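First, one chain by itself: the form predicted on its own, in structure tokens.
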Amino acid sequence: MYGATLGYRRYNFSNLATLLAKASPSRSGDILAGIAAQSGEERSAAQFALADLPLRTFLEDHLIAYESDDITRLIVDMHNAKAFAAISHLTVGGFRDWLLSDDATQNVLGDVAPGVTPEMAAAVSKICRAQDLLLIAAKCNIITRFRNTVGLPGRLSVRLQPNHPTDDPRGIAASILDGLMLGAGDAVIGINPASDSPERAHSLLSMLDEIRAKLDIPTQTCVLAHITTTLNLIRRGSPIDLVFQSIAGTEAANRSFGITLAMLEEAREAALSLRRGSVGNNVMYFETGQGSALSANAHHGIDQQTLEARAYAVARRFSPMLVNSVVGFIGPEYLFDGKQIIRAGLEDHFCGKLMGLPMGVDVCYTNHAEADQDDMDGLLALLVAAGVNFVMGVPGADDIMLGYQSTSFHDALAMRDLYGRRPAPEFETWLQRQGLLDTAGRIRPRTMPAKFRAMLPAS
């Protein structure tokens, strides 16, 4: 039993999952699940009680039983007690104060990260204001490498997302070249295929690899097929750079995705065996999103933000190149409006970075959410200020295949100009060779390079 007194009223919370849920900032998914605070006062009481909770509690009181959930077993078995020692004496509130202090430097946070469980990260995020989430995340630099280096200080990378409703090669190629001219693609050139066909995935992978090789682009490519499809494509010799998979924070939710931890390990080993990276061997690309476990009826009465952080424990196990919170994609049933999407995006980025992950955010919303592009402009600017590793580059910010609104090539370019952020260093050198940078080093294409035009498929 956990509790706190507010004024003349005592609030009691029957277990740790209830306490975490009641302490969460309001969001529609938790209300839908029947676990949200009933009032602002109850939420405040839960946050007071949570702030006084020793961090060690999360090592002893498991939200899902060790015996019944492989994510719980992963969190417990992989916990780094040596890294945790530096913060083991702190409460959740004390942890927040320490994270904001000058003692919590970039190097210190990197050392502590393996000792931070997802529940600890989620708990401290719940008592942080937005400004805290920005300040702390900005101190966490997580660097990964495959054919280029993503996450260095002062850099902002972009996933070039050239989706097409019929996977038309000409349409995809045009979007890729458009994005490259505007400096997108250094995180990954990644296609969500419109079809589950392995043959289609192989065709798209081959096209991506041909464009990358002919233009000598120092980046990585990916077709975001299910991991079982990708494993079969590796066996047949398809040109696989990064292995993609959506993941969640409970064993049951991952089972609904058709995956297990053993499958993720098999895929990672298979991708590593290809030795396609030139500067590093981070080969996994994971996507997550608050509400996925609830939508699969696999949430165990736990709030969606804590479950999102548990998905990051899965990601951390496999040393990914990229982790992307597709924050507003699931819809208003889980994040109702722009305010909730903005808060969730900042929380996800904060928790992932605190746990040592290379976090990107798809700053996005569905067309039936109470949100608009002004909300996304605000979240995008806040995330770049907080040091997000990468964002999305979608033609016109409108994904015509997936049917949702994201951020455009020009949006990312605007953020690079506004904050003085530069692309990944190897990619920046490539942009310069293509004549796409001006004398001040800004991405300012004057015309399409001839070799780009030659890559467009014939009509």
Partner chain sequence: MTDEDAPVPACDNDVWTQFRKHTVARIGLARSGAALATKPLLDFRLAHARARDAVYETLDEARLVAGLKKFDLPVVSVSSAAPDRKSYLMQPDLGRTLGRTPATDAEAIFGPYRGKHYDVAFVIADGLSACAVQDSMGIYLTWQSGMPRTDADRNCISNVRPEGLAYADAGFRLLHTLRAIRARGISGVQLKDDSDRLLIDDTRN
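Keep in mind that what you see is a predicted model, and the values were worked out from it rather than measured. Residue numbers count along the first chain shown, from 1.
From this point on, the text means the form predicted together with the partner chain, which you will not see here.
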Flag this candidate site as yes only if H164, A371 and R453 all have a heavy atom within 4.5 Å of the partner chain in the predicted complex; otherwise mark no. yes
In the predicted complex, does P332 come within 4.5 Å of the partner chain, counting heavy atoms only? yes
Using a 4.5 angstroms cut-off on non-hydrogen atoms, would P425 count as touching the partner chain in the predicted complex? no
Touches the partner chain in the predicted complex: L182 (any heavy atom, 4.5 Å): yes
Examine L59 and determine whether its closest non-hydrogen atom to the partner chain in the predicted complex is within 4.5 angstroms. no
Only one of 390-398, 426-434, 35-43, 60-68 sits within 4.5 Å of the partner chain in the predicted complex by heavy atom distance, namely 390-398
As a check of understanding, the residue in N80, S88, S256, N141 with any heavy atom within 4.5 Å of the partner chain in the predicted complex should be identified as S256
With the partner chain left out of view, which of T228, S206, N281, T260 would have a heavy atom within 4.5 Å of it in the predicted complex? T228
Where, within 171-190, is there a heavy atom within 4.5 Å of the partner chain in the predicted complex? Residue list please. G171, A174, S175, L177, D178, M181, L182
